[in-house]
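Have a look below at one chain only, the form predicted alone, in structure tokens format.
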């Protein structure tokens, strides 16, 4: 039985530490509870939003007029080299379980704050530490169970998602991942651990300190042949501030909450960057993060 709460501040559930209250809020601890929460929203004509780790999003200062469903469905099952994880499972937990038993595939995403559901939504990816190739979560997806708009459950294969860079079909359909099955490969646990450490080392060296607690991750999508962070540096906006928000001087595609940033502060910086890049370089930067609620 789900427990619906009212007027819950959302900042505490985001990596940005920004966001006003949700009119209604519930934590779903299983995929059955997730379905129950969605049915509750539909029955009461409430807009709803599925919240994972709270990364890659900016929630408005006025909050969300509807039901926010915090997905904490965390069951993981492993059979041979196939791993099935519910949508609320945190990627770090999958990495820990699979590395211990010598299953390779998830270690490339070490240090990225995402749930399984969020990973499929965005086709989670990581550029290798040696910068020679990109690993996409879509490459190891075998199948998934999704909740469709009519609240029925459907099993789909990997090609259903039409994975591309920073995108899956879920952006169009707004269906919900209940669980997903991944095809991994046997490998030496120590070799996998070494890859994890290499990826974490690279992220720690390149990304701002405490980025997973003070930012939403990369703000802008990369352009073909251009890194967004380098473009922002090129136009002189590294370190640019608005209120409590600041463009990181370590990696300029990150906006940092220095302690009291508002969503409006972040939006002001985003607008400034986009306008300056277009005016000076004739390029258009698109945001990678999603904007949720009222601003």
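Here the structure is a predicted model, which is why all the values come from computation and not from measurement. Numbering follows the first chain given and starts at 1.
Just so you know, the form predicted together with a small molecule exists too; it's not on screen, but the next bit is about it.
Enquirer: Taking the small molecule as it sits in the predicted bound form, is residue 122 near enough to touch it, meaning that at least one heavy atom pair lies within 4.5 angstroms?
Expert: Yes, contact at 4.5 Å.
Enquirer: Heavy atoms within 4.5 Å of the small molecule in the predicted bound form: does residue 212 have any?
Expert: Yes.
Enquirer: Please check if residue 203 has a heavy atom lying within 4.5 Å of any heavy atom of the small molecule in the predicted bound form.
Expert: Answer yes; at least one heavy atom of residue 203 falls within 4.5 Å of the small molecule in the predicted bound form.
Enquirer: Give a yes or no for residue 85: in the predicted bound form, does one of its heavy atoms lie within 4.5 Å of a heavy atom belonging to the small molecule?
Expert: Result no; residue 85 lies far from the small molecule in the predicted bound form.
Enquirer: Choose from 151-159, 188-196, 98-106, 212-220 the stretch whose residues reach within 4.5 Å of the small molecule in the predicted bound form, heavy atoms counted.
Expert: Heavy-atom contact with the partner occurs in 212-220.
Enquirer: Would you kindly say which of 248, 262, 53, 242 lies with a heavy atom within 4.5 Å of the small molecule in the predicted bound form?
Expert: Answer to the contact question: 53.
Enquirer: So, a 4.5 angstroms cut-off on heavy atom distances: do all three of 15, 113 and 170 pass it with respect to the small molecule in the predicted bound form?
Expert: Yes.
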